[in-house]
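Only one chain is given next, in structure tokens, and it is the form predicted alone.
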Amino acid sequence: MHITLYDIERESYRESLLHSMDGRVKMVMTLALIIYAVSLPRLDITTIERLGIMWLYLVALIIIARVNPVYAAARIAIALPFGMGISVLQPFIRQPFIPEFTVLYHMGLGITVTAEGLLFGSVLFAKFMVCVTAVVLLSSTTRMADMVTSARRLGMPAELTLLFGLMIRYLYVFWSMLRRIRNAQQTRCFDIWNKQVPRRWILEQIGHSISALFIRSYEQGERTYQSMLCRAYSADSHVCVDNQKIGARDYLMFSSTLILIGLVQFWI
């Protein structure tokens, strides 16, 4: 499944309970889930149970938000090799913070599988799944522009807000540039996986494409900055953000998340 920037933004335009929530609440809720997942003990079997409940809670929120499950699973699968690659190595590595190891299997050449390493790898992977799923849920139910606005309302400096706003606005412009470059290459029968063409020549063409994209991005940035100066932009300019009150439904959703975290922490 091929996912583009337009697919990510299209999902955030759906209508559901989570889509209509205030962006500040969703960002703080996501941050609370990530902090809780990361702060759990690294060598405790109950950590996996707690994280499993939190992950099922996030999956339930994805279903409630009516996000395309195939789309959400594909986005999680894209990040899966990074977390799985680190977790799979843990049973073979003796971490310095683990005082004692229980050897489960000798593989030869001095390589052993330890119970503590297996537990640590499982906990690490569970934490990774909860964090990635929380981020996927946030990005699938919140528009990019709303994220910047919500971050400004939460106290992000105006300079960072301006930078992130420009980045989001022109990210799609640069994506269109890249797509035009790729279409031009495909019309000329360029295939990066063509084995009949020398790899060095293919790498050179990729380098030319990156250089062209960089030059076009730089020129676009200069034109944008000149336009901002013509519209009286300066270092003293401020980002205008309207005041939006958090509703009772937002407080209820945030409170339910905190209550679930408390129940998981003290009852398991």
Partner chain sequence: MHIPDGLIPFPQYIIYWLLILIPLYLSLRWARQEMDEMKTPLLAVLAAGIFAIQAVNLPIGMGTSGHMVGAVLAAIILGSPYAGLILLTLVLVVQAFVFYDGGITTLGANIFNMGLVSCWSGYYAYRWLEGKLGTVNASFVGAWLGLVLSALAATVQIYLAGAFPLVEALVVMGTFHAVIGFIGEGFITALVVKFILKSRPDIMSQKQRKPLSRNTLVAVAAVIMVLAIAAPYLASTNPDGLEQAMVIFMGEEKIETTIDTSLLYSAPMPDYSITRLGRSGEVLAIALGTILVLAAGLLFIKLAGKKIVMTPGSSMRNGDTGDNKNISSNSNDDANDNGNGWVSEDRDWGTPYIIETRDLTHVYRSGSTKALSSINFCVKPGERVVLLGANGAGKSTLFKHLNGILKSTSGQVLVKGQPITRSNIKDVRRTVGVVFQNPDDQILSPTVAQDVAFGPMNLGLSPDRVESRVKRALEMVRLTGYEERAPHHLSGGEKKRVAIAGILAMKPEVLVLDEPTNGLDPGAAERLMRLIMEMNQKLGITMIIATHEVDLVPEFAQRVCVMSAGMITGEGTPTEIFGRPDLIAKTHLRLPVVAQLMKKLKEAELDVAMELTVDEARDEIVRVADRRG
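Residue numbers count along the first chain shown, from 1. Keep in mind it's a predicted model, so treat the numbers as computed, not measured.
Not pictured, yet referred to below: the form predicted in complex with the partner chain.
- For the options 56, 64, 70, 210, the residue carrying a heavy atom within 4.5 angstroms of the partner chain in the predicted complex is 210.
- If you check the partner chain in the predicted complex, you find a heavy atom from every one of 31, 79 and 139 within 4.5 Å.
- Using a 4.5 angstroms limit between non-hydrogen atoms, residue 102 touches the partner chain in the predicted complex.
- In the predicted complex, none of the heavy atoms of residue 60 sits within 4.5 Å of a heavy atom of the partner chain.
- Using a 4.5 Å cutoff between non-hydrogen atoms, residue 13 counts as a contact of the partner chain in the predicted complex.
- The partner chain is not drawn, but in the predicted complex it has a heavy atom within 4.5 Å of residue 157.
- Interface residues of 60 to 88, taken as those with a heavy atom within 4.5 Å of the partner chain in the predicted complex (partner not displayed): 75, 79, 82, 83, 86, in sequence order.
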